[in-house]
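A lone chain, given as structure tokens: the form predicted on its own.
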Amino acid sequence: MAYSEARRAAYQADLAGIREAGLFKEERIIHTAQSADVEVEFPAGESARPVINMCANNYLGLSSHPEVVKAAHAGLDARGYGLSSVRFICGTQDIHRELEHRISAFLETEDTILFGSCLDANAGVFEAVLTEQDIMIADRLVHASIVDGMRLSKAQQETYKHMDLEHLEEKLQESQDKRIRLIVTDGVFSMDGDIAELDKICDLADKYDALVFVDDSHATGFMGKRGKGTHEHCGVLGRIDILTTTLGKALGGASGGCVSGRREIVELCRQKARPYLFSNTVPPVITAAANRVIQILSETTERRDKLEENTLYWRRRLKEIGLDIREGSHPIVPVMLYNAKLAQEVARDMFAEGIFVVGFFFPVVAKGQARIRTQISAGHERHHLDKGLAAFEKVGKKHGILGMGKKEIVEKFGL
């Protein structure tokens, strides 16, 4: 048979190599609803135990919010489980258009189109709106889904050094013969919590007659005074041409994504974006719940404000303990460990202390940039944060990393 024992052995050797390099990823199994307090089975086969979740994208604590769950039930009862179709055939319900209108109003954009995920949105948009006469100029650290989406387009691809706007300007100067120059960036870069300088990027776009694309998945719902995202945070509302984001993080945490922005670009996605044309509609239960989420965010900034307070406290206290963290203001707070095996060992020890965090290492981040990416939520209370801090201090002392920077950690543990 084609899948021979030799082939099986080759794949097993590949997996063994990943394990030996300390790069093997083990999944933790949650036995409860997503929240600040969860029960997790780890390692596989052991009894689930209660831990504090500090690694979810549940920024606003809405994944299991009673109002969101209630809206999901109502959507299920009124509109059914699924549409069994794509949008342009018979997969569009009134609640889908309602959600698209709500998102446009919340983000202050001209129009919005829903996709099954933000990955699908990023996979579809570039091919739909660009041709071989155009060029995409992307920050070198954009999300993997953007990279994959760009590969599907016939447009030329260029990159600029991470958040280096002088380098971006050079690329814009070199490409003035192109029909469209599209600057591509994340609003917030998910590994480090870096926030793109969208005000300066938009100024460059105006100067060189370029368009701006932003994936705002790690900002929609809580960045900016009203939680609209990095375009509000940076003071560029109305200046972003293409904005993609997700319903799977702050906006309820289920699935679904969208392209939002210029009306004509959104309409081109309706006509040409392959993930939209050939994938089933976002299920009614998710659509109904997301409609309620947008309502909640439009009514009050209470959760956004609590998230900001929690983030400031967490960042300050981690530094006081002596851990090496990335500077910034975002609720993504990486604790830098640089060594993959160390990151996994620290994560395991944190789990033993009742804190659920995960080590990130190559290929998720660059070699030598291993870390534990902590993520703060409005669902965290002060006692959650204090227990997490106490655990980090205890585990940090065990491994002898408190007060160490990159140089000292690398000298002790290697890369």
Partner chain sequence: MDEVEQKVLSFVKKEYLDEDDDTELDENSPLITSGIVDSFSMVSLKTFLERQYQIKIPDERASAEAFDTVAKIAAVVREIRGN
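Residue numbers count along the first chain shown, from 1. Quick caveat, the model's predicted, so the values are computed rather than measured.
Beyond what is shown, the protein has a form predicted in complex with the partner chain; the following relates to that form.
- Message: Given that the partner chain is not shown alongside this chain, does residue 147 nevertheless sit within 4.5 Å of it in the predicted bound form, heavy atom to heavy atom?
- Response: So residue 147 counts as contacting the partner chain.
- So in the predicted bound form, does residue 139 come within 4.5 Å of the partner chain, heavy atom to heavy atom? Residue-level check for residue 139: yes, a contact with the partner chain.
- Answer yes if any heavy atom of residue 367 is within 4.5 Å of a heavy atom of the partner chain in the predicted bound form; otherwise answer no. Result yes; residue 367 sits at the interface with the partner chain in the predicted bound form.
- State yes or no: in the predicted bound form, is some non-hydrogen atom of residue 171 no more than 4.5 angstroms from a non-hydrogen atom of the partner chain? Taking the distances in the predicted bound form, the answer for residue 171 is yes, it comes within 4.5 Å of the partner chain.
- Query: Which one of 263, 225, 151, 207 is close to the partner chain in the predicted bound form, taking close to mean a heavy atom within 4.5 Å?
  - Reply: Checked against the cut-off, the match is 151.
- Query: 280, 301, 295, 156: which sits within 4.5 Å of the partner chain in the predicted bound form by any heavy atom?
  - Reply: Only one listed residue qualifies here, and that residue is 156.
- Message: Quick check for you: of 156 to 164, 190 to 198, 246 to 254, 99 to 107, which stretch puts a non-hydrogen atom within 4.5 Å of the partner chain in the predicted bound form?
- Response: Within 4.5 Å of the partner lies stretch 156 to 164.
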